[in-house]
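The form predicted on its own is given below as one chain in structure tokens.
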Amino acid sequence: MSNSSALLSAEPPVSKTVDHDAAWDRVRRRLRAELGDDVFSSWFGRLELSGLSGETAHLSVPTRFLKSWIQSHYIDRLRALVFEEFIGLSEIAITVRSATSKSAPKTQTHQNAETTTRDRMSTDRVQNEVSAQPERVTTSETDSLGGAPLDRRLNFTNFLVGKSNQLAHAAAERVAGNGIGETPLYNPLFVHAGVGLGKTHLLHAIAHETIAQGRRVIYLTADRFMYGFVAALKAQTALNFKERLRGIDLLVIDDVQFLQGKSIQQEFCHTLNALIDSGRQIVIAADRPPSDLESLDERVKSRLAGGLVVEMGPLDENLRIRIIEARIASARQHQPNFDVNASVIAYVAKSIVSNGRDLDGAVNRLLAHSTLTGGALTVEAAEAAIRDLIRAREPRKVKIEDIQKLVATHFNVSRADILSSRRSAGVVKPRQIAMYLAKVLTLRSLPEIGRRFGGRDHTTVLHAVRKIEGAVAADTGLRDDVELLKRMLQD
């Protein structure tokens, strides 16, 4: 049996052990380190180890598109890492989770159970859920057209508004309130924010409000759009797929940063143009603004930037307090004795500044402490309960374009010089320093950095990073220059 593709085994997978979980965590960490955060999140974030049987590792993903993409582009590297961490294995089998759920192992560690639950939620199902308990998810009235499910909990009523999201919320309400036949004022509406700040909540709220008006809506994640288009091509129903998309009143696309493939992006651009030209509303969400979506075609980025682009910033302290209070009130419906005093709420709000998901986790930990130990919820108890969620305050987000401009100014060259193919010493050194700073100060992968520096290969970036690392260690003057540039970019 050939190793050139992932195999299905006739043997049922056995339950994992703690050691297997640790080995799988190492595989995931190595993939993230090699491929970068963006690629890992796009294609491996929902890849799970189901179990082992014989010499086969059984892996699963939620969609056939993800399975096909991993097998086509990453199977050799994935197989090599699995075999290195799981001694004695000779095959891996990737299956779609819905098809393997009955045979999946029932025994899981607490940590893996938490991860599975989190991964099954829609991306960025953020800060404003009314109920802390699982609730049946509803689907849009146009689900038969290929839309992803909508969650009834994510609506305008329970969305908490603060300074950081006020503009985005107002724009979303305006878009959702457009009457039938009215020309969209903001088209497309592009909302961008980091993880857990509420953008998916707003998208669901817009969709719910529009459906309530009797209008046709399709809500799609980027991977679902890709899967639908690829499936339509294989089934030779691509024309029908396009016509269904273009016959709706509101198209909502979430996580557009994951949109991959030249032909898919071309079709996406054609769909945008057709809908906008016919007066249909489009709402898009991503983790960064259109100009920073390096993997997208320039025509797509230009079309997205041509509408209203709004950012949802970090949650301010007052909003974090309100979110915590709302979560506590929701939990109290099921645990009437759950009570958290104001000093503990203030401590949690000051300590956790990242996103709404971490605030959810903090309330869950406080609830567990209250119900399982019976101890008083003091500030000291809260500190112990949420210690793993407290993160250092994140520095200002640095953009590669800002790095290029600052380095060019500092070394008296132009940004065009840095992006050019010139090889003179006066240009090469600033270019390498800029690449080094891009690797150190941003989360971009080496291939992404290379693309932003005139389409260079990732090996060129790696060489520059290593070159500057060595030079900084040996040259005090250069080290001072680099540290100054870092401070200027982060302040």
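Residue numbers here begin at 1 and follow the sequence given. Since the structure is predicted, the reported quantities are computational estimates derived from the model, not experimental observations.
Missing here is the form predicted in complex with a small molecule; even so, the following discussion is about that form.
- Within 4.5 Å of some heavy atom of the small molecule in the predicted complex lies at least one heavy atom of Arg357.
- Contact check for Gly196: a non-hydrogen atom falls within 4.5 Å of the small molecule in the predicted complex.
- At least one heavy atom of Leu154 is located within 4.5 Å of the small molecule in the predicted complex.
- When contacts are judged by a 4.5 Å heavy atom cut-off, Phe159 counts as touching the small molecule in the predicted complex.
- A single residue from the set Val252, Ile403, Leu189, Leu315 has any heavy atom within 4.5 angstroms of the small molecule in the predicted complex; that residue is Leu315.
- Only one of Ala382, Val413, Ala148, Ile323 comes within 4.5 Å of the small molecule in the predicted complex through a heavy atom, and that residue is Ile323.
- In plain terms, the part of the chain that comes close to the small molecule in the predicted complex, with a heavy atom within 4.5 Å, is 196-204 out of 413-421, 196-204, 373-381, 260-268.
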